[in-house]
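First, one chain by itself: the form predicted on its own, in structure tokens.
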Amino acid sequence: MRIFLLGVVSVLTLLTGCAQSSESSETEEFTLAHNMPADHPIHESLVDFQRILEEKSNGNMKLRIYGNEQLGSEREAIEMTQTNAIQFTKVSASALEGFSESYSLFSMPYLFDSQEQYRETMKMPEIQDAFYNKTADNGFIGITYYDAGVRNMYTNDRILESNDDMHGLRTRVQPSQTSVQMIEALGGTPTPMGFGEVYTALQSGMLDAAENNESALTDNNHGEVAKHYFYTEHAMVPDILIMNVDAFNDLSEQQQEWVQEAAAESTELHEPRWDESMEEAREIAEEEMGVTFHDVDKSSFMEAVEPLQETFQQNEATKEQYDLIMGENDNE
């Protein structure tokens, strides 16, 4: 009798296991990690991607999102995506330079004429193809982009009226070769540094300046220690949603379409959300933190970086993408 009961339990366990396996084969789960807090507009846009993908697949494609570096740093998230430990991550284009030099082009100053032209260009299939598939051999591909703002200079007390005022300015840059070259071309002294260290460095005088969008003043409290913000508009570096290439190729054609459509729709929803967020950041920085915002004549800054732009035009690793984007600029 005990043998019979054990046999029944074993069969039930086996059947339950089969049922769970069958159910899991119908519903696929994916993991996305990134470094933004839950109230950041890009996180909210990734939640849009999650929702739209589930809707398009009738609930058969589910996405778990881990923000705020819960699963590791930006670099670690890229490495996990390469190995398919996670399937998606959102990273700055500058973080992808080490995997495809083509992405370094986004750190080239004054690549785009305006934010409007930048957004239109980034949605063009030929532009996306020129970047997104370049990292397939590294284990991942690009899926969409999110506007991460226009990068501008801000200082603790130095006034910038022209490029001449940049000379000797100790400026925090992202840890990428192109970012270093950009500040050097502008006449500043580049200081590669993790973003989390910038507040203390500005406060202590280790840094004279940094460059980022308006949200850095409020979300990271840089407006407490940097009181002048200058609209140099020198760079527009997108955030890129990447996916493990094997995970993408394992999807059916219909599933691949759902992923790409959901991503593109989330990008469209992101733009007005981002614009509203930047307006709010400026208002808070100006009214509550005492930051002064300055419009500047960009001509001297643009002239100073022309030699750097020429290196991108002549570099075989960036020439194709450079020519495509500059062609779109000329068509505007």
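Computed from a predicted model, the values in this text were never measured in an experiment. Heads up, when I say rigid core I mean the largest set of C-alphas that superpose within 1.5 Å between the two forms. Start at 1 with the first residue shown and count on from there.
There is another form of this protein, the form predicted together with alpha-D-glucopyranuronic acid, and it is not shown here; the text below is about that form.
Please work out, step by step, whether the site is open or blocked: first superpose the C-alphas near the site so alpha-D-glucopyranuronic acid is positioned as in the predicted bound form, then count ligand atoms within 2.4 Å of this form's backbone or C-beta atoms (3 or more = blocked). Open, per the superposed partner pose.
Does the trio Val91, Arg172 and Asn213 actually contact alpha-D-glucopyranuronic acid in the predicted bound form, every residue with a heavy atom within 4.5 Å? All three within 4.5 Å in the predicted bound form.
Could you confirm whether Phe195 comes within 4.5 Å of alpha-D-glucopyranuronic acid in the predicted bound form, counting heavy atoms only? Yes, Phe195 lies within 4.5 Å of alpha-D-glucopyranuronic acid in the predicted bound form.
Can you tell me if Ser266 lies within 4.5 angstroms of alpha-D-glucopyranuronic acid in the predicted bound form, counting non-hydrogen atoms only? Outside the cut-off, so no.
Just to confirm, Leu96 within 4.5 Å of alpha-D-glucopyranuronic acid in the predicted bound form by heavy atoms? Because no heavy atom of Leu96 falls inside 4.5 Å of alpha-D-glucopyranuronic acid in the predicted bound form, the answer is no.
Considering only heavy atoms, tell me if Met36 and alpha-D-glucopyranuronic acid come within 4.5 Å of each other in the predicted bound form. Yes.
I need to confirm a contact call. Of Ile86, Leu186, Ala148, Leu217, which residue comes within 4.5 Å of alpha-D-glucopyranuronic acid in the predicted bound form, counting heavy atoms only? It is Ala148.
So which of Glu101, Asp208, Glu233, Asp239 reaches within 4.5 angstroms of alpha-D-glucopyranuronic acid in the predicted bound form, heavy atom to heavy atom? By the 4.5 Å heavy-atom cutoff, the listed residue in contact is Asp239.
Which among 131-139, 76-84, 148-156, 223-231 is in contact with alpha-D-glucopyranuronic acid in the predicted bound form, heavy atoms within 4.5 angstroms? Within 4.5 Å of the partner lies stretch 148-156.
Examine Asn133 after superposing the rigid core and state whether its CA is displaced by 2 Å or more between this form and the one not shown. Asn133 C-alpha, core-superposed: shift of less than 2 Å.
Superposed on the rigid core, does the Cα of Lys90 end up 2 angstroms or more away between this form and the one not shown? Superposed on the core, Lys90 moves its C-alpha less than 2 Å between this form and the one not shown.
Threshold 2 Å Cα movement between this form and the one not shown at Phe106, rigid core reference: Comparing the forms between this form and the one not shown, which are aligned on their rigid core, Phe106 does not shift its C-alpha by 2 Å or more.
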